[in-house]
Ligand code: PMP
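As structure tokens, one chain now follows by itself in the form predicted alone.
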């Protein structure tokens, strides 16, 4: 098997899995129970949360654990904007469905501005500045694009948004954490989200990290667990394995980044020699974990299945929307070419990918045009 769909999900790391199993056995009691076992579980939950805050260096933030990043993004956006009866929201035209579809829903009550992107998938900072005013309540921009890997200039976005007291900045950090070294401080971001299964942890848990002075509007009602914002019984084993994943992989960000850069360059240089391949991922301001290509003679889904027959696994785009037979909106926004947007595939890399894996993929892509 040759796996190149790490952007969709990663295999669980053995040490992280071991943490999950041990904590499941030792701290199974409900964190809200008053007896000793419950208080021990609550202590472990609080300890793991504080450790994660230390790893990310966000002591002025709190963390709400969710079932996934989709829920975390929904909670962040609705949690901020529902505090206001009206206002302006700014986002981009290439957000993940868990942000983009929320914004489409909010158009019924709020003014939503969608920033355009250039041929490299980057927003125009002047366009952002022109869209900002005293009515802006939220700016939501993905740090690392999940389709082509473009990195948005979050450091400069922070400078622009921070001039407006009411405006909050939300960053979808799912594809950046443990993969890209940030050139900004997380303490300068009002809210950001993560997903554990993207960093070699288990599925079923994500998180919203938000400034303590932000009052989030509730979407669910129940117990007072997690400040009453996300009521329900906590899975301490998922929370502990999340901290374990960050503890192991966050310090390795730069090391793995350099390793993947070499693999990206090797793959890129081989693919650019193929006349039937269009490379959609730019060369600058990107995460080298993603390379997106189009083969205009074949639909993206067809390419996926041709490679699958050789036990090579790639995707056509976001795993949350790839089954929809519509042009990939990020590729469409960048290229303005419907053919490229319907014939693209996403190859995502990892430190686990070997040179043999890459050679087998390159050989298969060379042959795919002749199937």
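Residue numbers count along the first chain shown, from 1. Remember, it's a predicted structure, so these values are computed and weren't measured experimentally.
The protein also exists as the form predicted in complex with the named molecule; that form is not presented, and the subsequent description refers to it.
Contact annotation: of the candidates 31, 315, 70, 337, the single residue with a non-hydrogen atom within 4.5 angstroms of the named molecule in the predicted complex is 70. In terms of contact with the named molecule in the predicted complex, the residue from 294, 195, 91, 150 that brings a heavy atom within 4.5 Å is 195. Among heavy atoms of residue 138, none comes within 4.5 Å of the named molecule in the predicted complex. Contact check for residue 244: no non-hydrogen atom falls within 4.5 Å of the named molecule in the predicted complex. When the named molecule is considered in the predicted complex, residue 280 lies well away from it, no heavy atom lying within 4.5 Å. The named molecule in the predicted complex comes within 4.5 Å of a heavy atom belonging to residue 174. Here the chain stands alone, but in the predicted complex its contact with the named molecule, taken as any heavy atom within 4.5 Å, falls in 166-174 among 227-235, 166-174, 281-289, 116-124. Annotation for 94-108: interface residues with the named molecule in the predicted complex are 96, 98 [heavy atom within 4.5 Å].
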